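Only one chain is given next, in structure tokens, and it is the form predicted on its own.
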Amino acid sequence: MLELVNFYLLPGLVLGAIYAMSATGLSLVYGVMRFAHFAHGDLMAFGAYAALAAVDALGISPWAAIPIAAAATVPVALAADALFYARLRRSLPAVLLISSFGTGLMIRAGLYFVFGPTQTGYGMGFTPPLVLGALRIQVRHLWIIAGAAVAALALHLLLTRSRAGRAMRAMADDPDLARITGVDVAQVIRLTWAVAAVLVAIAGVFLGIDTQLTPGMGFNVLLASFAAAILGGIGRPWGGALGGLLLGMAEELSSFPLIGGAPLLEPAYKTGVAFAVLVLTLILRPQGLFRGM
């Protein structure tokens, strides 16, 4: 049982927290703009590398570089919308989808050009885990879980206690009615991009702290992020958060040696769990857990 908690449940919770932040941003963008943003993963990588640049230039820790990463990612998301997506807003959804693919490729190519293709890290060194009785918990995992919880609380307060958040929810529920009642659509769209960019930048830094940085790191988790958003209900931010947690736990538990000491699924195939969850959700409950759009 302790092996299950130490090596599967806790890492699954950490991975799920990262997925949750990414999927929440995807759901926000889809809810307000009805737009499946396939450059979302590359914004994640951009945020991670922006933090790396701050770490190298200023000599600070990656935790302290998170605000810098978020501040650097927001203009990129806003620029992509102003240069590409805004001009195609009235086009067919497939046109916007393909344009987001192209935007993601440009961001990724820029990261390859500046930072190169080699794996790198934040150079945090080894930190011994906390030992609480029989539990062994990595300190960075505690910070990732706590950071995701703080981000979730901040998003909740924004959506429920602020006028801008209520406008975002109105746009997500009924865009035409929101326009008629005087909601500033352009401002809501800009705010949505900013919030989604902050969430995905933080998720990128967390992923870089927990693993390594590569220009393709965000694209590699994009399928899992979409699977989490669809599982929770696409367009429903809290559904995306719950879907991310469930998916992260499912991926890690899939390799638990339940029968005869052999893992249920070889670790190399864990990412296939996201695809399986996505397909099963679309077949059995396409509206997701929270009845998405």
Partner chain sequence: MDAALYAATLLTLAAIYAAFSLGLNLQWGLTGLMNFGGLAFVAAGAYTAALLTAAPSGTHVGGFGLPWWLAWPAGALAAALLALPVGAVSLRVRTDYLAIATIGIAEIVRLAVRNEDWLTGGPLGITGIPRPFEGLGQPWGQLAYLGLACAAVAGLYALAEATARSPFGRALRAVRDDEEAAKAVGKNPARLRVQAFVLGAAFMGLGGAMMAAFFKFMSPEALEPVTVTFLVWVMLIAGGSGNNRGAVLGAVAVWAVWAATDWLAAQLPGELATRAAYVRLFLIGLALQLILIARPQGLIGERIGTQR
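Positions refer to the first chain, counted from 1. Nothing here was measured: the structure is a model prediction, and the numbers come from that model.
From this point on, the text means the form predicted together with the partner chain, which you will not see here.
**OP:** Look at the stretches 244-252, 224-232, 43-51, 56-64 and give the one with heavy atoms within 4.5 Å of the partner chain in the predicted complex.
**Re:** This holds for exactly one stretch, 224-232.
**OP:** Report whether all of Ile98, Leu105 and Val279 sit within 4.5 Å of the partner chain in the predicted complex, measuring from non-hydrogen atoms.
**Re:** Yes, the whole trio is in contact, each within 4.5 Å by some heavy atom.
Subject >> Contact residue in the predicted complex, from Pro75, Pro117, Pro129, Gly121 (heavy atom within 4.5 Å of the partner chain) >> reply: Going through each option in turn, the one that passes is Pro117.
Original post:
Heavy atom to heavy atom, is Trp143 within 4.5 Å of the partner chain in the predicted complex?
Top reply: Output for Trp143 is no: heavy atoms all beyond 4.5 Å of the partner chain.
Original post:
Can any non-hydrogen atom of Leu153 be found within 4.5 angstroms of the partner chain in the predicted complex?
Top reply: Contact check for Leu153: no, nothing within 4.5 Å of the partner chain in the predicted complex.
Original post:
Hey, in the predicted complex, is Leu88 touching the partner chain, heavy atoms inside 4.5 Å?
Top reply: Because a heavy atom of Leu88 falls inside 4.5 Å of the partner chain in the predicted complex, the answer is yes.
Original post:
For Ile259, is any heavy atom within 4.5 Å of the partner chain in the predicted complex, or not?
Top reply: No, Ile259 is distant from the partner.
Original post:
Which of the residues spanning 79-95 lie within 4.5 Å of the partner chain in the predicted complex, based on heavy atoms?
Top reply: Result: Leu83, Phe84, Arg87, Leu88, Leu92, Ala94, Val95.
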